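Let's start with one chain on its own, the form predicted alone, as C-alpha cells.
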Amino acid sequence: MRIGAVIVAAGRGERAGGGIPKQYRRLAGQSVLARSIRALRDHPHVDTVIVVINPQDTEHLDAVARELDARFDTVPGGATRTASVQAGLEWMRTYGADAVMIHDAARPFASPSLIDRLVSALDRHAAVIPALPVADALVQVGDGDAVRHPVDRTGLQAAQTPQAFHLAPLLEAYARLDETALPDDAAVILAAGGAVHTVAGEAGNFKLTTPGDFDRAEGELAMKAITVTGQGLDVHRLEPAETMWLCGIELHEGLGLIGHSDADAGLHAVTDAVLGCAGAGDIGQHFPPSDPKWRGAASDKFLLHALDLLAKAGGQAVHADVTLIAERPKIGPYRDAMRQRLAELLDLDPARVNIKATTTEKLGFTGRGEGLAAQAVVTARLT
C-alpha cells in the first residue's frame, strides 16, 4: 500500500499570537511545520509528503526548507480547510497513492507509534482516526457565560490528526460534499454515509491553538531536553589597517586582523563552539581557507551556517561566553555593541551573551601586540 501524507499548513493561526502563522513559529529552535513534516516524512510507511500552503508564505517556507536541509513538495491551499485538503488529495491522486494521512501542521508531536497504529488499522478499515476519551466533566454554556446544563460525556472522544483513509473512497466522499467546510476529514466520510473507526490517540499529540499551548509545548520539550557545551578558539595576526571586524562589529583603531575571510576571530571562535554543540566538526571543514569563494567573506555567514546545523540536530543556543585576549585594541568601548550583535546572531536576549577582555601581561604573541586570540563557550539545549 502506497501511503502519502497531506500536511495542512495554509492557515493563519491568529489565536496563537506570535506575529506570524503558528506553523512557522519555533519550538526549542525548530519550526512547528518542520517538526510536523519530519514526523511523517521520516516514518518508514509514509512514501511521500505534500504540504498545503498559503503562497504568501514563501519566505517562511524557504526557512523551513533550510531547517530540513531539503526542499519539499507544496500545493496552494484554498479558503477553507476543506478546500485545502482537496488540493492535497488531488496531488495524491496524481502521485498514485493508495491511502493518505491528513495531518494538521499545528500538531508537531505525532509519534511513530501513533502512525504505526493508523497504518495497521488501514488493513482493516477504510477510514481511521486517533481519538482520546474525554476526561473532564462537560457543561453547555449559554449567554453571559452561564452554565445551562451538564453534558453526558459517555462515549465522547476528542479526534486528533493524522487521520488515515483509503484514497479512493475519500475522494468520492469529497466529490459528494454539499457543504463547503467541515471540521475534519472524518466528518466528510460520515457526511457521505461512510464509517470511521478509531485507534488510541495520544495526550502528547495536542494541537497548538493558543499562546498557552505554545507555553505547554516549550515546557514539555524543556523537560526532555539535554544540555550540551561547545568551545572554540581562534587566533589571528594583527597589522596596521583602517578597520577591524571583531564579534560582528567594525572597529576603527588603526589595526586589522589577517585572515582569508574578514578574520573576525570572535565570530570564528563562537562558530566553532556552536559546531561543537551540533557535533558537526570545525569551521575549517565547512569553510576551507583554501577555497577562494570565502576570501573576504563576512564571518556572520559562518555563524549562521553553524546555527542552521545546530537547529537540524534539534538544538538551540541558550548562552554564549566570549573571551578576547589582546593588548590592543581596547575592547571596552565596543563591548556593548559586540554583545548586542552577537545576541542578534544567536537569537538570544543580550543578558544571555557575555563578552570579556583580558591580556597576557605582556607575555607571548598577544603580549607583544602581534596578534589577538578569542575563546568562546556556547551552551545549547538539544530536544
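What you see is a predicted model, and the numbers here were worked out from it, not measured in a lab. Residue numbers run from 1 along the displayed sequence.
What follows is about the form predicted together with a small molecule, which we do not show.
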Exercise for the section: Specify the contacting stretch among 102 to 110, 242 to 250, 227 to 235, 268 to 276, defined as having any heavy atom within 4.5 Å of the small molecule in the predicted bound form. Expected result: 102 to 110
Handout entry: Residue (of Thr74, Ser84, Ser261, Gln160) lying close to the small molecule in the predicted bound form, criterion heavy atoms within 4.5 Å
Key = Ser84
Fill in the blank from the handout: Students should find that, of Val134, Val141, Ala79, Val151, the residue having a non-hydrogen atom no more than 4.5 angstroms from the small molecule in the predicted bound form is Ala79
Handout entry: Contact of Lys207 with the small molecule in the predicted bound form (heavy atom, 4.5 Å)
Key = yes
Practice task
Give a yes or no for Val8: in the predicted bound form, does one of its heavy atoms lie within 4.5 Å of a heavy atom belonging to the small molecule?
Solution key: yes
Problem - Contact test in the predicted bound form: Arg368 vs the small molecule, heavy atoms, 4.5 Å - result: no
Handout entry: Non-hydrogen atom contact Arg15 with the small molecule in the predicted bound form at 4.5 angstroms
Key = yes
